[in-house]
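Quick heads-up: it's one chain on its own, the form predicted on its own, in structure tokens.
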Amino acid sequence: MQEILIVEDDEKLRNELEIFLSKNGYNAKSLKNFENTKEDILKQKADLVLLDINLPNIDGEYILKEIRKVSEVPIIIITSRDNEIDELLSINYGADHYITKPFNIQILLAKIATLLKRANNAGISQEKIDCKDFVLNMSKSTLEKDDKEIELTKNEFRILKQLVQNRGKIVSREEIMESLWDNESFIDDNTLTVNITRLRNKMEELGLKELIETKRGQGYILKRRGE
């Protein structure tokens, strides 16, 4: 079931959206505390975010801008600000839609369905990610460079995929370990270290030396070419 995160301080509207979206087949959740809004949104890893601009102690446009630095999650702005400047800013900052209150909830539902379908299709169609230095083959779980190809284990592939998706940014060990958990296994700190070492060794076989850099006390970063 796809998850929608509602970031709205109006309790009545928030509850109405939760009920309506739940009845229409979505797992709807809400933020009720806005002290660490950006971090809480990213932590939820929702499939889509409904974001109000007028939030307590912080501006939703700033939150939108910050999220877009690290995530491409579909975001629909829902706001009472009915002016072209705010709409233009939101779109420029990366919003997928801008809806002003009061809005037709059926239209909102249609926009949600369209965005989620688009996001799913994009994920399915991207069989290979061209990373300039190498290619990550999503369908075969392989690392490719020139005419050479190396198979990656499930964990090695997940680690490299996460680093690729956040290239140039530090990814914490905790974030990587969380992405490796599944119903069958729990990845601890030592296991992560072993997997990182094996992944580095495989990359070096293709001449991709020192692309994964350790940031002491912070995590790992996949460097951009030429850095």
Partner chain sequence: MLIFAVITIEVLLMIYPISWVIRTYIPVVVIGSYFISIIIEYIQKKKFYNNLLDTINELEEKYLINELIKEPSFSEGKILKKTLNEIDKSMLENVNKYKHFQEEYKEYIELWIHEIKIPIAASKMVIENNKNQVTKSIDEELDKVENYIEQALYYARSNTLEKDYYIRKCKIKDFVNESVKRNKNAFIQERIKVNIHDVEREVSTDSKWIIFILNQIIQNSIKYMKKGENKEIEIYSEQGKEKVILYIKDNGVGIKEEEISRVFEKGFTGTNGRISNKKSTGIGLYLCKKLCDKLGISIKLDSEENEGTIVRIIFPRSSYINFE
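Positions refer to the first chain, counted from 1. Just so it is clear, the model here is predicted, and its values are computed rather than measured. Each form is matched to the other, and the largest set of C-alpha atoms that superpose within 1.5 Å is called the rigid core.
Just so you know, the form predicted in complex with the partner chain exists too; it's not on screen, but the next bit is about it.
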With a cut-off of 4.5 Å between heavy atoms, is residue 96 one of the residues that contacts the partner chain in the model of the complex?
no
Find out whether any non-hydrogen atom of residue 212 is located within 4.5 angstroms of the partner chain in the model of the complex, and reply yes or no.
no
Would residue 10 show up as a contact with the partner chain in the model of the complex if we use heavy atoms at 4.5 Å?
yes
Report yes if any heavy atom of residue 84 sits within 4.5 Å of a heavy atom of the partner chain in the model of the complex; otherwise report no.
yes
In the model of the complex, the residue from 199, 42, 177, 53 with a non-hydrogen atom within 4.5 Å of the partner chain is 177
C-alpha of residue 44 off by 2 Å or more between the shown form and the other one on rigid core
no
Core fit, then residue 170 C-alpha moves 2 Å or more between the shown form and the other one
yes
Large Cα shift (2 Å or above) at residue 15 between the shown form and the other one, core-fitted:
no
Once you account for a change of 3 Å or more, let me know if residue 162 and residue 114 sit closer or farther in the model of the complex, using their C-alpha atoms.
closer
